[in-house]
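One chain comes next, on its own, written as structure tokens: the form predicted on its own.
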Amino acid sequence: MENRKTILILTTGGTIAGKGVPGDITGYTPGAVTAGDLLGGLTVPSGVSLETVEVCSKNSDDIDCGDWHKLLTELRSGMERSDIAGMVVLHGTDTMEETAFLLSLTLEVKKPVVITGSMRPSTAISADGPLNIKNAMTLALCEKAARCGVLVTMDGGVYTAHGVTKRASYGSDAFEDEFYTPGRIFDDEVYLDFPDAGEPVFKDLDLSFPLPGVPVVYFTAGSDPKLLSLAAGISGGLVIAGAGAGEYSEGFGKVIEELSIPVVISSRTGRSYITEKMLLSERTVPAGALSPVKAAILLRLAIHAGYDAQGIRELFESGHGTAFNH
């Protein structure tokens, strides 16, 4: 009997499974199309079979800790199955970078894990989902991809979980990588030039119960400092998306000094690096190169894992748990 390889497809809903008025790219319902319909028209490589598991079916803005736990459980299980060559996660694009980063911190990658989605629903003209799925399957069969950790592919580009970000609300080329020149996929050929991914710092962490809340407070000129107090009252920690190099008003500063929860300082600029010397308060932690949303993911996991204030500082300074080995 032929020794067939299996790609495990994990679906979560999103635009890629969206359905709307035929031809339109807006006004659709996310997660309305089944995995069978999404995959039915695709050509599967010879000797490869597909297995699908529905983790959830929702807009990615509604992805929660329970969904992350289910997804991580399925991926960890797939890692242990000898018949699984690689795994593909179909995900909405709005929070794709957050799920990718969380998985990179918690999943020990021993075989390729690829996340993809689409910018247009399945019923749109020139829907980008089919090609993205085809590319994701190609990448999932590439053994070299496993050493790069959790990867994202969109519009032919390949991105690291650490660096991937959504830069536009439209267009199939809405994603980019903040740190590395993206890998590419051309006609079933994978081109990767990423360094090896480091050990996931939270690889044994139990996500079966909710992570603590860590909101991102976006500073703007005239922002009311009471926002920080209100957010802190219902949160385990805070991330501030500061102006420029993570800066904020004197009013914000006074509230920060009174808080007892961890506060991480990032930048709202979209391309930054926050260092210890840039901080306006010694009790805050620099986010380094992490975006506000990824800093929040790391802080949530750190608090959940029981890190104290010094441990959180060292975690952020160490390379954010996804440092690459050069």
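Numbering starts at 1 and runs along the sequence shown. This structure is a prediction, so every number in the text was calculated from the model and none was measured.
We do not show the form predicted in complex with a small molecule, though everything after this point is about it.
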Worksheet item: Can you check whether S118 is within 4.5 Å of the small molecule in the predicted bound form, heavy atom basis?
Response: yes
Discussion item. Under a 4.5 Å heavy atom criterion, is T11 part of the interface with the small molecule in the predicted bound form?
Written reply: no
Worksheet entry | Partner contact for G129 in the predicted bound form: the small molecule, 4.5 angstroms, heavy atom | no
Worksheet item: Looking in the predicted bound form, any heavy atom of G92 within 4.5 Å of the small molecule?
Response: yes
Worksheet item: When the small molecule is placed as it is in the predicted bound form, which of 263-271, 53-61, 297-305, 283-291 ends up with heavy atoms within 4.5 Å of it?
Response: 53-61
